[in-house]
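First comes one chain, alone, set out as structure tokens in the form predicted alone.
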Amino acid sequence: MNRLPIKELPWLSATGPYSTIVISSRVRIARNLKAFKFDAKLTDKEAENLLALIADVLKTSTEGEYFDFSLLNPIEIQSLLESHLISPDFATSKKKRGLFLLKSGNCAIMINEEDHLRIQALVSGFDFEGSFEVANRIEELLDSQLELAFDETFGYLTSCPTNVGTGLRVSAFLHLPGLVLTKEIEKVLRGAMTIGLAVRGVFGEGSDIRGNLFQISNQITLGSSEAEIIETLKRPTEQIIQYELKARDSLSKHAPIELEDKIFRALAILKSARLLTSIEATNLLSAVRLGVEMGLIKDYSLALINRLMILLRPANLQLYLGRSLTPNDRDIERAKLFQRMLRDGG
């Protein structure tokens, strides 16, 4: 496998609506083939046949690259997870599985995850409709050549009952340092959970929340249309965006020196540290990102900050440098990487 084209992943471009707060919008569609048993009942041979069938359709019908997970090493698989192209369960699964990444880089299709198909589209900024359009186009392509498991009463059938219906999960990847610094974050996120939304870390369920980065998503797909599910998440996300903007405005008015000190102190550490853990780098980069978002730091683009956010992670760092590293060596090389990229601007 070649190194992942991290700089080319479109969701890192910081070009969409409200990209200073919403790093990306994601849509994930779960589908199963009618001709095959669901995942829990699939034999290894059936899983292999299913994988070959879907991979062949994708290879012959659309442009992209197919990754056979039996040929990938653990660092490469972890890199795909760190780049938000696969799920944690898919990364650790022992099943025969594969990934098809569209040439455009904005859609990844997991084959033999919890369902036969998980079609995941990521776009930059606050644009659920845009991400759905990408995923839906691939779903329609597959539906035209492979009969999907569908029931007239329940809709699309999935391994987990919470995905039955549309099989659609919509999520937003948010940077909310203003609400964290003003200590309003718990109230805002509690409100989101009250109306049935899930709030998680950047790697989904069970992951830690670091760098003031949050992921919110819908939990129920049955009984609602795709448009209704998107609207269910769109309205509260818009509210959270406005709360974050107000929090940043409050910090600028009532604690400008403290805010600037936090931002520029973080930048100074990133530009001069000799050792940087991934957790420390993530948290410091969040402060620098806030400075760029608010126009206090003008030397760096949000696209560069997004790229650093991905490159600082252990597997991506090793693939970027082209060699395996011990944890201590990673901390040394991560510090060097930040110094170089912040000095050269990319």
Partner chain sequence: MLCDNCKKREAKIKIKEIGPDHKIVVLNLCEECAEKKGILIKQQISPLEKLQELLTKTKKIDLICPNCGLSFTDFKKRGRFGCSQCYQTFRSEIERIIASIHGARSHTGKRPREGEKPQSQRIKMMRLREELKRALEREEYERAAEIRDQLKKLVNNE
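Positions refer to the first chain, counted from 1. Remember, it's a predicted structure, so these values are computed and weren't measured experimentally.
Form predicted in complex with its partner chain: not shown, discussed below.
Annotated contact segment (heavy atom within 4.5 Å of its partner chain in the model of the complex): 158-166, selected among 245-253, 158-166, 268-276, 174-182. Between the options 222, 72, 241, 91, the residue in contact with its partner chain in the model of the complex by a heavy atom within 4.5 angstroms is 222.
Of the candidates 66, 38, 320, 300, 38 is the one whose heavy atoms come within 4.5 Å of its partner chain in the model of the complex; the others do not.
Contact annotation: residue 103 falls outside 4.5 Å of its partner chain in the model of the complex, judged by heavy atom distances. At the 4.5 Å threshold, heavy atoms of residue 59 stay clear of its partner chain in the model of the complex, well away from it.
Of the heavy atoms in residue 210, some are within 4.5 Å of its partner chain in the model of the complex. At a distance threshold of 4.5 angstroms between non-hydrogen atoms, residue 130 is in contact with its partner chain in the model of the complex. Contact residues in stretch 55-85 (any heavy atom within 4.5 Å of its partner chain, taken in the model of the complex) are absent; none meets the cut-off.
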